[in-house]
Ligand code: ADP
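One chain is shown next in structure tokens, namely the form predicted alone.
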Amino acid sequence: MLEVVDLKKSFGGREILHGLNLTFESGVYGLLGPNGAGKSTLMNIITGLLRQTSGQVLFHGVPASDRRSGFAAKLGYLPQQPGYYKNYTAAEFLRYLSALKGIRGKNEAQIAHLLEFVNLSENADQKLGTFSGGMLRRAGLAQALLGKPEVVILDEPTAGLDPLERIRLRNLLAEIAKGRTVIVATHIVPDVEFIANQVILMFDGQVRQMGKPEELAEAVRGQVWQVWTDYAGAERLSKRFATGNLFTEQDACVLRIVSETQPTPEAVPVQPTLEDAFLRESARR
């Protein structure tokens, strides 16, 4: 079990994280928030790349920074902007990272398994410098899984990927969560909507909401509306209300609005989603 206890972080006298308290057990946790919410700061503190101002990160009740916890050996991490050695092949890259992590014994079988798992077996001897963005992200996921870690932390894992690669990576994340803790930090709602057991909505260094995706969506039932209007009306409503989707249908605009009150007499309530819950919290900033 991984715990964050009253965690605070300040830069230049400005508090970035405001006393966070979180408990992570087995399953997928979606850490969802806009850019600047403090997600990467939190991830860097948990992984030991950054020191907190106060508070603790505990692994099975022991400070994660304490060698006795064994946390470093049981952690897999894919940073937002990982470094790759362009002249290494995928297999060489995993061997190198395996050595850096101190993984001893015969690891060729594990490397072959991980390359197969991320669908890179046929590219094992291909240099990383020739990989697409999606292939690099999958190679990064493979290295994060070296050593069979108990905790896997992925910071914006689908950044820069096309829709098909994003779906493929999401499916992989759902598979690796069995028996381990997976934390996915992202600002893209679909990345966690269908795979996360728990979603944490984070804004301005604070946890606003936490729960199952369907629970967070249900909390905004009766506050999500669909409105048909003209272009001028769409512009006017977008300035007054938290507006999600906007698309045109023939000569009309169709808006999806999150509001505690009916935005127009013609507005009709619609089924809420996790994105609506995220939009509501964003509008409260």
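From a predicted model like this one, the values you see are computed outputs, not experimental measurements. Residue indices: 1-based, along the sequence shown.
This next part talks about the form predicted together with the named molecule, which is not shown.
- For the options 70, 55, 233, 34, the one in contact with the named molecule in the predicted complex, meaning a heavy atom within 4.5 Å, is 34.
- Of the listed positions (41, 229, 243, 223), a single one reaches within 4.5 angstroms of the named molecule by any non-hydrogen atom in the predicted complex, namely 41.
- You can rule out all but one of 273 to 281, 6 to 14, 21 to 29, 257 to 265: in the predicted complex, only 6 to 14 has residues with a heavy atom within 4.5 Å of the named molecule.
- Remark: residue 197 does not count among the residues lining the named molecule in the predicted complex, judged by a heavy atom distance of 4.5 Å or less.
- In the predicted complex, residue 80 approaches the named molecule with a heavy atom inside 4.5 Å.
- Interface residues of 193 to 223, taken as those with a heavy atom within 4.5 Å of the named molecule in the predicted complex (partner not displayed), are absent.
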